[in-house]
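What follows is a single chain, given as structure tokens, in the form predicted alone.
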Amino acid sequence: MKAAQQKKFFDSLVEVIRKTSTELPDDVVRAIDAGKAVESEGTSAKYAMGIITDNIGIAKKKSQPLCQDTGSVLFFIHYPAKGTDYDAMTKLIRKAVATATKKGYLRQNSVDSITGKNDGTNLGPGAPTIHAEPWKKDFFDIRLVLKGGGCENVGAQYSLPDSRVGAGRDLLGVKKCILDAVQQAQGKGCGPGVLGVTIGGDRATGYLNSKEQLLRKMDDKNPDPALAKLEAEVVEEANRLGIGPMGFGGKTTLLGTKVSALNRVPASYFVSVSYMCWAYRRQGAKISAKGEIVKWWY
């Protein structure tokens, strides 16, 4: 990229971060509104959902972060194989994160794991996290997830068979694991939540792929009929547990569940569950080779 293109690309990255941190996508807002509608008047659940929807509106109006914990900064990127300097691209991404932090779009959330030092930039080893792959198309697909620590803390991984939850190596066993993860989380993940789940893979690829499921739209349908059925059953059964928003009780424990499957070796059968809080900060943009935002994905 020439200097002018780099400036446009950098500005576009900062705008992607701003929009992700301050504005929930329409599909997420619709799911939250639907959850609020089913809660009974005068209940703690209804009150909690009201606070959530008020917060969403205020954050968007003031262009301020939806939560004091803007979380881990996770980029998922496809970039043009032809003509892209990978090192220059990642340098611009890191610069955009530091600038967005200075502007207040991101809180100063990233600290040194050994010393606890916070330099106020959100930069450091593994921060931000950038998953990038080249492709033959002539534009950038930039997707960003801001995942708070509270919901990350209640993620879970199971190795089947699991006698504790009575889970065998089948989809019924997978469902038992997912519902156990919800039961164990209670309200600690800032529910109502959204789950990204991966069946198979190894421990690392399972967790990564489960986070990638959070890039899917709330109202999409899994192309695998068996997994589509599992997704619907998990949401229905989780919402009968009575955990509700923030663990206050109620009918809205999960807003959605997205499940995928990876190949595995015969000795291993992992179920990896990534929990996302109601502040489902996920956004993405198509950015041209000139560095300009052409289209928002959500």
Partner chain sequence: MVVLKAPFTEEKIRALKVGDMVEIEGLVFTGRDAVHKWLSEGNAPPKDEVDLKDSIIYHCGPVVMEKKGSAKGGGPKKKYVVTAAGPTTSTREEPYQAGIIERFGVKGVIGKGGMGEKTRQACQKFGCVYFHAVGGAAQVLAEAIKDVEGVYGLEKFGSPEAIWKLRVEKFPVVVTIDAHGNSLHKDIEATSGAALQGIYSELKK
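Positions refer to the first chain, counted from 1. Just so you know, these numbers come straight off a predicted model, no measurement behind them.
We do not show the form predicted in complex with the partner chain, though everything after this point is about it.
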Check your understanding: Looking at the partner chain in the predicted bound form, is some heavy atom of each of T43, K62 and L179 within 4.5 Å of it?
Key -> yes
Within 4.5 Å of the partner chain in the predicted bound form, heavy atom basis, the matching stretch of 84-92, 221-229, 168-176, 119-127 is 168-176
If we test each of C190, L214, I199, L144 for a heavy atom within 4.5 Å of the partner chain in the predicted bound form, the one that passes is C190
| request: Give a yes or no for E237: in the predicted bound form, does one of its heavy atoms lie within 4.5 Å of a heavy atom belonging to the partner chain? | output: yes
**Item:** 4.5 Å heavy atom contact, Q183 to the partner chain in the predicted bound form
**Value:** yes
Any chance D54 has a heavy atom within 4.5 Å of the partner chain in the predicted bound form?
-> yes
Review point. With the partner left out of view, is V29 within 4.5 angstroms of the partner chain in the predicted bound form by any non-hydrogen atom?
Key: no
Those residues of 107-126 with a non-hydrogen atom no more than 4.5 Å from the partner chain in the predicted bound form are R107
